[in-house]
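So this first bit is one chain, no partners, the form predicted on its own, shown in structure tokens.
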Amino acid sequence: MDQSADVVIVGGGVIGLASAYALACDGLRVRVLDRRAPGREASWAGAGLIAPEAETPGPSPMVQLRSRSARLYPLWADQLRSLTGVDVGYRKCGGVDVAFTPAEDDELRSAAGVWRSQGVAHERLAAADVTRIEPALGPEIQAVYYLPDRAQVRNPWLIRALIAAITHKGGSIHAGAAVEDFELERGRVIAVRSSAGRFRCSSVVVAAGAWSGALLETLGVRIATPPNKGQIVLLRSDRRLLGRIVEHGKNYLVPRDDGRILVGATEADAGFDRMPTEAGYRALIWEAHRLCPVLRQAEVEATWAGLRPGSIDARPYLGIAPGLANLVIAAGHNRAGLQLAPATAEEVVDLVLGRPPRIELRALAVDREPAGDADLAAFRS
């Protein structure tokens, strides 16, 4: 059965849903196709960490995306609540970055230099101030930096709100709709074939996470989106044991208002295997107790894993597919899909409508050469 749309979005994770929402807000008819239930891959497995806004983001597209998203999130939270009645759990709770060793302290000092240059509010705490800011921190920690503007969202709530908002604005979301083929005509995609039918369209957005590379290869577009498995443990307490987000390297603790604490996250090259492991579970529990010994009082409620979509250089792909004028690619966000979703969605709208981009996208182009970015180490997602 044929259906039509202005834009077909392939992939119903947070990037695809945020893009669909932004496009629908601009008056476009959108159809989201997802091979499973929308939002149930990496977006569901994440922690919803939102980095602080940079007052002077400079030329780096990653800093600009991150900072723009930080500015947009409270606005989106209000808009989504007004439109759908769903609270996405956005709150600016602040956070601390910690070090156990002199080498880790040196890394934090370097990160603080980047924060300073970008105008990100931060403070190296004196020993007497640590207990005031976050009394749950363990005694082995040697250095603590306080970032008051760190924020969070409840990612399952955000997914639920985006789905409701897209539907409210006349879009449709098709679960269990595996994409089978793309129909081309004169360098444009004119239809997407899926297990749920054929969808005629004016534009296509591929935002299928770790599965994007394989889908695009059928069109002769070659990008690497290797899966990176990340495991999380959820702790539960009948009282709040932790007030701030705690980050140590690539690990984090994220306290929710209901007493739950997310502990993440491992990294593993395990292909498309998303099953949690005993080793991953034990490593996260050990890290949580080391960071905040009071968490020994919490019970383990659940553990799960998701597959983050990689890229060639830890930056996402965001741009028009080479040789296909109406195909936008928004994929490869690694650990930062939730963090970068609102600003990515804005850029997707501009690319679909042919507007000038709000940030310089050449460093995120699909056919770029791999590049390093020192800023990537300043914030972990």
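Counting begins at 1, following the sequence as shown. Just so you know, these numbers come straight off a predicted model, no measurement behind them.
Form predicted together with a small molecule: not shown, discussed below.
Counting only non-hydrogen atoms and a 4.5 angstroms cut-off, does Pro309 reach the small molecule in the predicted complex?
Contact with the small molecule, yes.
Is there a heavy atom of Ala207 lying 4.5 Å or less from a heavy atom of the small molecule in the predicted complex?
Judged by the heavy-atom cut-off of 4.5 Å, Ala207 is in contact with the small molecule in the predicted complex.
So, Leu33 and the small molecule: in the predicted complex, are they within 4.5 Å at any heavy atom pair?
It does: once the small molecule is placed as it appears in the predicted complex, Leu33 has a heavy atom within 4.5 Å of it.
Evaluate Ala20 for contact with the small molecule in the predicted complex, applying a 4.5 angstroms cut-off between non-hydrogen atoms, and reply yes or no.
It does not: once the small molecule is placed as it appears in the predicted complex, Ala20 has no heavy atom within 4.5 Å of it.
Name the stretch: of 289-297, 128-136, 226-234, 104-112, exactly one has residues whose heavy atoms fall within 4.5 Å of the small molecule in the predicted complex.
Residues of 226-234 come within 4.5 Å of the partner.
Name the single residue among Leu318, Ala54, Leu338, Ala343 that comes within 4.5 Å of the small molecule in the predicted complex, judging by heavy atoms.
None of the others qualify; the residue that does is Leu338.
Let me know the one among Ser69, Asn334, Asn326, Ser60 whose heavy atoms come within 4.5 Å of the small molecule in the predicted complex, would you?
Filtering the options by heavy-atom distance leaves Asn334.
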